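Starting off, we have a lone chain in the form predicted alone, written out as structure tokens.
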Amino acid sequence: MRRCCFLWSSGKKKKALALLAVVCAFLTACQGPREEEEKKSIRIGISLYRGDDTFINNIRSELEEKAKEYEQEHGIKVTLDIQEAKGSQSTQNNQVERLISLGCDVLCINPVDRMDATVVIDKAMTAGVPVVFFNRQPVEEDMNRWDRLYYIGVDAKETGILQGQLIADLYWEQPDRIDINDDGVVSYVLLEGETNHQDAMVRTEWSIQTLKDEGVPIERITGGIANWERSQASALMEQWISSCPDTIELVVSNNDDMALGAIDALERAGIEGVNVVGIDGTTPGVEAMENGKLLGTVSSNKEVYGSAVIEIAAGCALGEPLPQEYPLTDGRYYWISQEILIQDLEG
């Protein structure tokens, strides 16, 4: 068998090696950007505990608006997959599974049951998808299970204190405005959110405690659970008006929707002068306040709320450092600022 033998001169060998180096450099340059290419789009999965909650609808609108702003500012397409759990934790668990299967880069969850976030966290951890909880704070033990869990919301204790301060300040400025019958005692009824719900209990506790600490003479007539709903609060208020005629001077409500329900019942009964205070600063609540029906409310900054959720979620989705303008407490909590809103009593 004849063998072929190729003899390389020194010059040819150098040229070949140089050509090989150029080819390798070209291939490396082509491969590198694909591996390190920055994401140009993110998908955010959102599950709301209920779609008919006025406050949550306000937040949803802010999330949609802030997602558009984020796209324009950063040049990254943001797709929001928004689901409504209709008050069912089981439904929400299924929604989380579906959102993960759709390839969501991050989940933003408004929990149905803050005491039962385990399944949501399990599914997210298994898939490696970070979670930003908002509005309803999971228990500390659940939040501590993984370093990619975050919570955005208001401090319920601060909310209660501000509501109590709203009433106390007006009492000491205009006692007869709060103590309508001028008997030296402010008789009130209490509309609470859900049974055993942390925010409802904390808001109630600190609102009433603040009134006591400020020296406002108060007496509770009755109270009840209205599950954050206007219609349920209206029905309760009707019962109280019937059973306690001419004695109610103040209605303390855990949110604006229930406060508006109380106002509905008072208007149907033709009763004027009873002061009603709420919490949330919802659009209907602020309108009622401006129309002289709601005495006041405690409002969170919803624009910041929406921005914080989107910005932190986007940072998680992109694997980037979280935005410094939203500093986290204990590395996982961001608290939204709140303020007192009150009627223009001089207008």
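From 1 onward, residues are counted along the sequence shown. These numbers come from a predicted model, not from an experiment.
The next section is about a form of this same protein that is not shown, the form predicted in complex with ligand GAL.
Asker: Even though the partner isn't displayed, in the predicted bound form is His197 close enough to ligand GAL, meaning a heavy atom within 4.5 Å?
Answerer: Because a heavy atom of His197 falls inside 4.5 Å of ligand GAL in the predicted bound form, the answer is yes.
Asker: According to a 4.5 angstroms non-hydrogen atom cut-off, is Asn135 in contact with ligand GAL in the predicted bound form?
Answerer: Within the cut-off, so yes.
Asker: I'd like to check something about Gln92: if you look in the predicted bound form, is any of its heavy atoms closer than or equal to 4.5 Å to a heavy atom of ligand GAL?
Answerer: No, Gln92 stays farther than 4.5 Å from ligand GAL in the predicted bound form.
Asker: Check Gln163 for me: does it contact ligand GAL in the predicted bound form (non-hydrogen atoms, 4.5 angstroms)?
Answerer: Residue-level check for Gln163: no, no contact with ligand GAL.
Asker: Going by heavy atoms within 4.5 Å, which of 172 to 180, 261 to 269, 76 to 84, 199 to 207 lines up against ligand GAL in the predicted bound form?
Answerer: Among the candidates, contact is made by 199 to 207.
Asker: What residues of 260 to 278, in sequence order, lie within 4.5 Å of ligand GAL in the predicted bound form by heavy atom?
Answerer: The stretch 260 to 278, when checked against ligand GAL in the predicted bound form, contributes no residue at the 4.5 Å heavy-atom cut-off.
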